[in-house]
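Only one chain comes next, encoded as structure tokens, the form predicted alone.
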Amino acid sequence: MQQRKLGGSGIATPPIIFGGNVFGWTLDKAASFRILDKLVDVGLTCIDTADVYSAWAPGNQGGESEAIIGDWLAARGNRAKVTILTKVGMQMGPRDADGNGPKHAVGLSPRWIAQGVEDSLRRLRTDSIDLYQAHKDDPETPLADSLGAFGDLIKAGKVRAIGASNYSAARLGEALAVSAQHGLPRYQTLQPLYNMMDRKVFEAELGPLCQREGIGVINYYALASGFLSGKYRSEADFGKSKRGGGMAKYLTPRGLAVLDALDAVAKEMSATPAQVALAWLLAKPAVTAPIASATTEAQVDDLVKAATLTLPADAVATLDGASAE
């Protein structure tokens, strides 16, 4: 499977990155191990996770995904075969009795970055994280302080490269300028929301900025939380998964038009709507590798097919038109 470069990080990835938020949430440990084994077998060896995955699930504290990946790495002894991406800086901690919380955001202070990386390394049972990402912007901490802390981790060999997630174009541009001005490591990747249903914000400023600056884009919710798979076509379908309740925002005339276009292109290409939706992203010059998840081995096979599916220009144009905002 052809590899793609993650910005200037020196790290390469398959065309699709596996989203590890399912580990410890919709997949238990045994099922997670089966999926992880399958990913290595088919060559989808880049796995994205975060220290907070999956704190939103009842009974979870955060760190469950990293811990499962770490146990799997230890059991298989195959750390060299996989590329591990994780994140720091999002809210962390248990929810209260009313389901709220955590009550504080730890942000990107040097103190928390230093503590967070040690916690992630321990859970992942590894000495080094390939790509360590700022999970969200922290306007309360000077960018130079956060970038300096990340630089210390790179010097110590605990992190190979750094990336950003959920940054605005203005703040990402400011961070890149601070890196250049102070001789600090720069964000080599951006993890934004981007898919056929959520185009406007990324395409307006973030995408062009990333292309100008050579930033690798590894977008999340590549299938719009499953909507672009085509399995949610009416409110009656919302019960098909734990994410079904969030589909109402997509079940609009535009959303249905997108599904119709995906169906038409999928039929022409002997593919599935999900494969076509991912291939559409891979056809975008600003995108390096979309992030997508799977909970069955058959769905992993779908990801492999998507990674090798090339859409003709007229198909991309059809999908562009149907999904225009």
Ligand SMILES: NC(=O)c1ccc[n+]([C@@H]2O[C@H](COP(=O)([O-])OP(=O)(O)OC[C@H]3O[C@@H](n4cnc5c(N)ncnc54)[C@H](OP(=O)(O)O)[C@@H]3O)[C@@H](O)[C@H]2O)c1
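Residue numbers here begin at 1 and follow the sequence given. Model, not experiment: these values are computed from the prediction.
One more form of this protein should be noted, the form predicted in complex with the named molecule, which is absent from this view; the next part is about it.
- Just one listed stretch, out of 196-204, 119-127, 163-171, 178-186, contacts the named molecule in the predicted bound form at the 4.5 Å heavy atom level, and that stretch is 163-171.
- Contact annotation: Trp112 falls outside 4.5 Å of the named molecule in the predicted bound form, judged by heavy atom distances.
- Contact check for Thr13: every heavy atom lies farther than 4.5 Å from the named molecule in the predicted bound form.
- Among heavy atoms of Ala224, some come within 4.5 Å of the named molecule in the predicted bound form.
- The closest non-hydrogen atom of Asp48 lies within 4.5 Å of the named molecule in the predicted bound form.
- Residue in contact with the named molecule in the predicted bound form (any heavy atom within 4.5 Å), chosen from Val258, Ala289, Ala55, Ala274: Ala274.
- In the predicted bound form, the residues of 266-300 lying within 4.5 Å of the named molecule by at least one heavy atom are, in order, Ala274, Ile291, Ala292, Ser293, Ala294, Thr295, Gln299.
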